[in-house]
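In the form predicted on its own, a lone chain appears below as structure tokens.
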């Protein structure tokens, strides 16, 4: 019994951890044989796997972490400057493959604000339903994916099946499963097919049943709790300091949601609240996303109940191949599954954008926050901590 208690009260030996230099950075000498450098990734199948972490470890604990990108298609923002506005759409959606519709919306909305285009009511409701379906299919990967980083792969397989149901609806509506290009300047490309709402509702009912299974498999799993509670804790003063947004900020007790803070489309007509936790660890971030899943189901039902059955879906626009946008600048944003997702756009009066700059959560989450958060973490927790920040590497390599 005494030995068992000693094991439970065991504390790591940090005598070999590096001293801090005058510049605040650790002083690490690989020649001292106290440390070893390993690389994690790049590994494409992971949700955040298209980047690499350069880890310096002592035993099995991380003493320094550096994020490396450059393994993906890059230079999107520069490509925009060489393309007409309509030609930017096939490019912008690749800045976050799992959730391309947020890019479509921001680019279209930016063009509309710069050129004073009024979008028809029906088109705005259709944009909302697509954006919430996009959020839902991402969360169906993310929520069980958190446990998948700890070796619990069953929930991931379940989540991918239910995600496919939503992709079926995306394909039915837009003609594509991943890259939709459904949202365009002035509106959208088409109305809902006959019976679409009924089929989507049937999918939502199935996903509700899946949430109960997820609770049994993951939420009430003692091993998952042991590996998530208290791990990857983000101090609350980091939220404003590093620009943390979305579920990561809400897990630290902050009310951050663009749909409520700066309402766009018709979100001010939808009844929902912030999903808040306060412990700011991996478990809290899992709980917030688990609640977000349930909230998204409810929002989709409210949208279907409130939206009209018919109406204009596209405002009149110039010939898209010769469309010159008046000089000006604007910043447009929406709430992605990862948090605030914004475009800063500048037009110079020509057919080509002068500047389009993406402000996404991944840059700060995956570099500034992750590099600090991994220090003193166990190497077995690195993947789980990284996933809990929900980064999207192409959003960094823009």
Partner chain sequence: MEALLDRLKTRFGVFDFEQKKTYQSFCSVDKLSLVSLVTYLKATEGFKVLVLISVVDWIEDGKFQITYLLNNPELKTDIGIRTFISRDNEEMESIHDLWEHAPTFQREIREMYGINFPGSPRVDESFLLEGWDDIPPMRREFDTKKYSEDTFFPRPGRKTNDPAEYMKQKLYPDEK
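Just so we're clear, the structure is a prediction, and the values are computed from it rather than from any experiment. Numbering follows the first chain given and starts at 1.
There is another form of this protein, the form predicted together with its partner chain, and it is not shown here; the text below is about that form.
Practice prompt. Name the stretch, out of 127-135, 106-114, 140-148, 298-306, where some heavy atom lies within 4.5 Å of its partner chain in the model of the complex.
Written response: The contacting stretch here is 106-114.
Practice prompt. May I ask whether 42, 291 and 294 each come within 4.5 Å of its partner chain in the model of the complex, counting any non-hydrogen atom?
Written response: No, because 42, 291 and 294 lack any heavy atom that approaches its partner chain to within 4.5 Å in the model of the complex.
Worksheet item: Is there a heavy atom of residue 58 lying 4.5 Å or less from a heavy atom of its partner chain in the model of the complex?
Response: Looking in the model of the complex, residue contacts with its partner chain do not include residue 58, since no heavy atom lies within 4.5 Å.
Item to complete: Answer with yes or no whether residue 256 is in contact with its partner chain in the model of the complex, where contact means some heavy atom within 4.5 Å.
Response: Flag for residue 256 set to yes.
Worksheet item: Is residue 332 one of the residues lying within 4.5 Å of its partner chain in the model of the complex, judged by heavy atom distances?
Response: Residue 332: yes, in contact with its partner chain in the model of the complex.
Worksheet entry | Contact of residue 34 with its partner chain in the model of the complex (heavy atom, 4.5 Å) | No - in the model of the complex, heavy atoms of residue 34 and its partner chain never come within 4.5 Å of each other.
Practice prompt. Sort through 118, 271, 81, 202 and report the residue having a heavy atom within 4.5 Å of its partner chain in the model of the complex.
Written response: Only one option qualifies, and that one is 81.
Worksheet item: Can you name the residues of 216-241 that have a heavy atom within 4.5 Å of its partner chain in the model of the complex?
Response: Heavy-atom contacts to its partner chain in the model of the complex: 240, 241.
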